[in-house]
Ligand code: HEC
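Presented as structure tokens, the chain that follows is alone, the form predicted on its own.
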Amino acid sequence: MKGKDTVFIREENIRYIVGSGQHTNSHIWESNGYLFQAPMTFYTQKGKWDLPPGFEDGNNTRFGRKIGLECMSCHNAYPEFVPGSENKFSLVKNGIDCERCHGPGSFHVKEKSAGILIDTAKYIDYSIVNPSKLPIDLQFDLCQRCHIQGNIVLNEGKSLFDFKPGMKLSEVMNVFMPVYKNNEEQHIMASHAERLKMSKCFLAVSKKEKSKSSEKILHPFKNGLTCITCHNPHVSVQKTDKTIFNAACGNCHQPGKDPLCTEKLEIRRKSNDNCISCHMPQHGASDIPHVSVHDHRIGIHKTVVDEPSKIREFVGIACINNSEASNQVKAQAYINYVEKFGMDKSLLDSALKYVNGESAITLEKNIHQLVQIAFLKGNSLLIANYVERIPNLLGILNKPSLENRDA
């Protein structure tokens, strides 16, 4: 007893530390191969400990938050996952590896071992993926496999292991985000590519570059505006010379070529003509506390003085990487927002706009979503009705998968 109150103490060994350390370090503890997030994060920018993102507003899961495949497949190299589990791993690698950006290397190794060499100063080596040689949209898809944040819904038959560099992200997954009115200036932590695509700079440059073909051109998209225009993936941003970012702006905005900055000279001098400080301002992310990140929507940004704060209004959800997402995928996105993110159950009615069980065919096709909706609504009688209408239900729901969908 301390101060006439009971003090509970629990000790766990931290097995893994996750994060670059530029903004946060999160922590994982392990029990017999099952991984859980520890209820503590170190916010490096402010040098303080606090609860991890997602533990706020009464959602504190203490030591019980499971680290599943979706978490691990972004924050690390691909692990060896135990099928049938939610959070058990037989092997967790120690950091991001080459394969995440360059694809499987077996064919590349086979060719080089056989003496098939390519002079990369003159030709593209197609035995391995070089992200800088990919078309602009595929470069973004590669980065956004992990540097995109939202509600992931996999395509039918796909798993989180299926994306490979050079593919379209929409071939494997669909990423949804809630859309709010009066929320234009806010952004989340991992929205860099999405915000960059909103920039006039990107729109102007990509219009010129899209017409180019990568065939027989050694540096086909070197004048494009992508993540690697400013960021060398092999060098930490903390160790990157800050002049590199301004130099990227100078590639287009040159005297006599494009209009230069129209800001007052004394303000420009005060920032040492740092384009980033004004046109990519640094401020807090809406989803993670105690961090500040650069807004990658390049432009002239409003300040709090420019526009009084307004109450944001929920409009709906949107798939930010696939404008042609199927109805089943859209329904699952609404379901996920209720089940995973605790949003209002009225969204389940929105899900029902996209799936129905009116006929035997549609019921069997949409059974996963319909049972999940009924369960979340607490309607067990409706689930029983579905079971009665599909005599061979156990014969249908018997496919093992990494997502344990049928289970």
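Each residue number is its position in the shown sequence, starting from 1. The shown structure was predicted, so the numbers you read here are calculated from the model rather than taken from an experiment.
The form predicted together with heme C (HEC) exists for this protein as well; it is not shown, and the discussion that follows is about that form.
Only one of H296, K158, K164, R312 comes within 4.5 Å of heme C (HEC) in the predicted complex through a heavy atom, and that residue is H296. Checked against heme C (HEC) in the predicted complex, the residues I136, A318, V92, C74 give one hit for a heavy atom within 4.5 Å, which is C74. Contact annotation for the candidate site: C101, F140 and A248 all lie close to heme C (HEC) in the predicted complex (heavy atom within 4.5 Å). Here the chain stands by itself, but in the predicted complex one stretch of 109-117, 270-278, 331-339, 79-87, 270-278, has heavy atoms within 4.5 Å of heme C (HEC).
Residue contact check for K242: one or more of its heavy atoms lie within 4.5 Å of heme C (HEC) in the predicted complex. In the predicted complex, heme C (HEC) sits within 4.5 Å of a heavy atom belonging to N130. Although the partner is absent from this view, S350 stays clear of heme C (HEC) in the predicted complex, with no non-hydrogen atom inside 4.5 angstroms. Interface residue remark: G395 is not counted as part of the site for heme C (HEC) in the predicted complex, having no heavy atom within 4.5 Å.
Residues V18, G19, S20, G21, Q22, H23, T24, N25, S26 are the members of 6-34 with a non-hydrogen atom no more than 4.5 angstroms from heme C (HEC) in the predicted complex.
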